[in-house]
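The chain below stands alone and is given as structure tokens, in the form predicted on its own.
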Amino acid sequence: MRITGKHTNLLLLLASFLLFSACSGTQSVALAQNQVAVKGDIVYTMAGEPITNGIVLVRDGRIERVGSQSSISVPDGYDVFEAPVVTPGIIDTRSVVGLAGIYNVPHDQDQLETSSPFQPELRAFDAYNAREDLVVWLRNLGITTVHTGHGPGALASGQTMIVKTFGNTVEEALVDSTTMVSFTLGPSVGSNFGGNPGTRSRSVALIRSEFLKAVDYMNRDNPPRDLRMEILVSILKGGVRAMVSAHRVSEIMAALRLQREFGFDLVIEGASEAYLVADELKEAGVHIILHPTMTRTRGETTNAAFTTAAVLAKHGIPFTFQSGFESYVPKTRVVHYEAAIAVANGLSFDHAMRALTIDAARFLGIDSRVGSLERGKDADIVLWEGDPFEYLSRVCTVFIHGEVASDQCR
């Protein structure tokens, strides 16, 4: 609603109230719940076996106690919430949400800067919009933490970060400001930058050249500040991971060669043909952020398969799921829907749930705060109508930091 000078003070007050309280607006209502008891017919703590008739006590934004309802009584003054299924907040380990907006128009698309194919110095938190409707949409569906930032499509598109899907500013949402740097190998780079680089060999050569410059920069005494070199040096020193988008075998193997040459910590995202080089990936010890399972199979993802997650699990290759991004509205997928397809194609329920919670948190280095329902952790909790991997099971309540972030079944 836009307020003009023609409106009365009463209308201004009414409009302000409506903007604050409307669940369908940019920010859904956040009701402070300092003392909360969450009861579930099944509580998946992800710190042990599921608890039948479980309860989670929350105080001042953190988890106070977790156990069975027979052993823990609800103290006086606690607000009680109940659901058939309770889980930790879901973690999406690769997205562009907050940089890419929901409407797919130029003014809300900051995930890919097309002035140059190599810009690792770009910082995601300089562009993140915490009030973006797409953030709200994910939060309402149980996604409480997102690893987001610059998308694939450039040799080096920029830096990523970790945020909670809550808050009015990036500072309020921020968990980690510089998590990885996004790189891309494959023909999509050339198509985004007028045919430059034109071939796979040229792409890899350009990345190698920049890392060689960074090695020289690192070994110099008191070099002048260079934002590009500083972030590449951080990768070389292990402070930040290199996340390489690579779908075909040729790109995956090129990424592994870059890792061996420069010794950085490599994460491969996408990896549509990972099942063809499972032994090599296992030996390299890299983590895979698996392509959205339901991605449309065309171009680089022609050989993507519903069964890839099960194959990676069989080989003991660590992986998590991603929503990725889309070229059409609403610009992102829902990560637990992607995991559900993997479960329907050979992945165990437990493995999928861990990949969305505690395994994702450990991979991102934030498991001291999120990923499981344990004493002292952030009270990020999702209440479900039923099986989280059943499409018809709605999310009915979402807590972030012990506050009600969403309270309608969706």
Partner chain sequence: MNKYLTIVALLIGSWLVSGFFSLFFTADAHAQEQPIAFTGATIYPISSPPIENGVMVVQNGRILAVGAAGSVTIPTAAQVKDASGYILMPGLVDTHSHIGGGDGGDRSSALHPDVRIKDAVDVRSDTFRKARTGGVTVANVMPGSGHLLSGQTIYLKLRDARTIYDMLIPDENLRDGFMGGIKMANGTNPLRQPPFPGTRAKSATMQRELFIQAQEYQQRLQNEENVARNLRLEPMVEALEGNRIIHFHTHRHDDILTVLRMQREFGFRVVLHHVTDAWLVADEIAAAGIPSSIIVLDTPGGKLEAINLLYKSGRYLEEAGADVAFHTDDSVTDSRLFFRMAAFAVRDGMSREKALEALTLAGARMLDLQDRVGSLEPGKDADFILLTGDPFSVYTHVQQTWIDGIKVFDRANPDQLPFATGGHEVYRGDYFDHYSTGGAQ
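Positions refer to the first chain, counted from 1. These numbers come from a predicted model, not from an experiment.
This next part talks about the form predicted together with its partner chain, which is not shown.
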Does L57 make contact with its partner chain in the model of the complex, using a 4.5 Å heavy atom cut-off?
no
Indicate whether R296 is a 4.5 Å heavy atom neighbour of its partner chain in the model of the complex.
yes
Even though the partner isn't displayed, in the model of the complex is T332 close enough to its partner chain, meaning a heavy atom within 4.5 Å?
yes
Answer with yes or no whether N34 is in contact with its partner chain in the model of the complex, where contact means some heavy atom within 4.5 Å.
no
Heavy atoms within 4.5 Å of its partner chain in the model of the complex: which stretch in 46-54, 63-71, 344-352, 363-371 meets that?
344-352
Only one of F118, Y275, Y78, F125 has a non-hydrogen atom within 4.5 angstroms of its partner chain in the model of the complex; which is it?
Y275
One residue of L258, L141, L174, V85 in contact with its partner chain, assessed in the model of the complex (non-hydrogen atom, 4.5 angstroms)
L141
Could you list which residues of 189-220 come within 4.5 Å of its partner chain in the model of the complex, counting heavy atoms only?
none
